[in-house]
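Just the one chain here, the form predicted on its own, laid out as structure tokens.
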């Protein structure tokens, strides 16, 4: 159980910032898990429940049950809800990949039908969607994955193969047609660090955003996933310059999935590990807030529930558990929690 006292959501809101976290509908029956959400977060985003495979597992058959559990929890506790994600190359049911392979006309029909099924149904609860997720290819040297196949700056995906580079703009236009007041966000990772590959990904992202804005595409915000890597260096200056360029396009900036993967070589004691994680969060989030970011979400609250402790691709191989979220496995507030509280508390809306 998290310690008593004012939560991050309340601290952030008092200073014109919205703090939130990802939520798993299957864990809401855990009293401790639910209490952490109530105490700490003002904004919730479903981990899985709003992705295509969850919402439309079979052609034309929509399932809002798990997402509805989260929406009901949010409503009962006065929380906001955002959506993640309408168009992505992962979390696709097999039938969708098969349909996209049938050509552009079929792909457009499937995309429009999904928007028609999802956006009107979720409109009462969700006013911000990640419309397109992770469309930029990882440059050579990226530690997140091996260099991804690409066509120019874009990741080679079933969507790109079916519709070409215009699929991104088409998705945003379809979303805007169905909801004139929805905030429409492009979401991606690997944009924060001080490395050649991160700088290249920032430049690729800027080229995409400039193209979309130049085409008067209805894009409102850039979501920075901020899955931070302690093995990657960080300097505020290049990150801040990137954020200024994004803001100059008239776009909002959100931090959407914050967590921290610790370095391969760990300090010998927990206080040193926690201090290192907190300092990196202070630097990155402080830079984002200084650049005008007013929404920050972590990808979970407690190390106990983190995907960093469960996904074999990202979990540590030495038996240690990444201490990359604000609360420890017992729900206690860690230095990362304090780093966020301090960052929120020193900025006035």
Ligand code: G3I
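Just so we're clear, the structure is a prediction, and the values are computed from it rather than from any experiment. Residue numbers count along the first chain shown, from 1.
One more form of this protein exists, namely the form predicted together with the ligand; it is left out here, but the text below deals with it.
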*Flag this candidate site as yes only if 185, 239 and 287 all have a heavy atom within 4.5 Å of the ligand in the predicted bound form; otherwise mark no.*
no
*Hey, in the predicted bound form, does residue 299 get a heavy atom within 4.5 angstroms of the ligand?*
yes
*residue 303: heavy atom within 4.5 Å of the ligand in the predicted bound form?*
no
*asked:* Taking any heavy atom pair closer than or equal to 4.5 Å as contact, tell me whether residue 133 reaches the ligand in the predicted bound form.
replied: yes
*asked:* Would you classify residue 138 as touching the ligand in the predicted bound form, given a 4.5 Å non-hydrogen atom cut-off?
replied: no
*asked:* So the ligand isn't shown here. In the predicted bound form, which residue out of 79, 176, 227, 114 has a non-hydrogen atom within 4.5 Å of it?
replied: 227
*Heavy atom within 4.5 Å of the ligand in the predicted bound form: which of 88, 73, 234, 197 fits that? Just give me the one.*
88
*Exactly one stretch in 28 to 36, 44 to 52, 279 to 287, 316 to 324 has heavy atoms within 4.5 Å of the ligand in the predicted bound form; which is it?*
44 to 52
*asked:* For the stretch 241 to 275, I need every residue with any heavy atom inside 4.5 Å of the ligand in the predicted bound form, listed N to C.
replied: 257
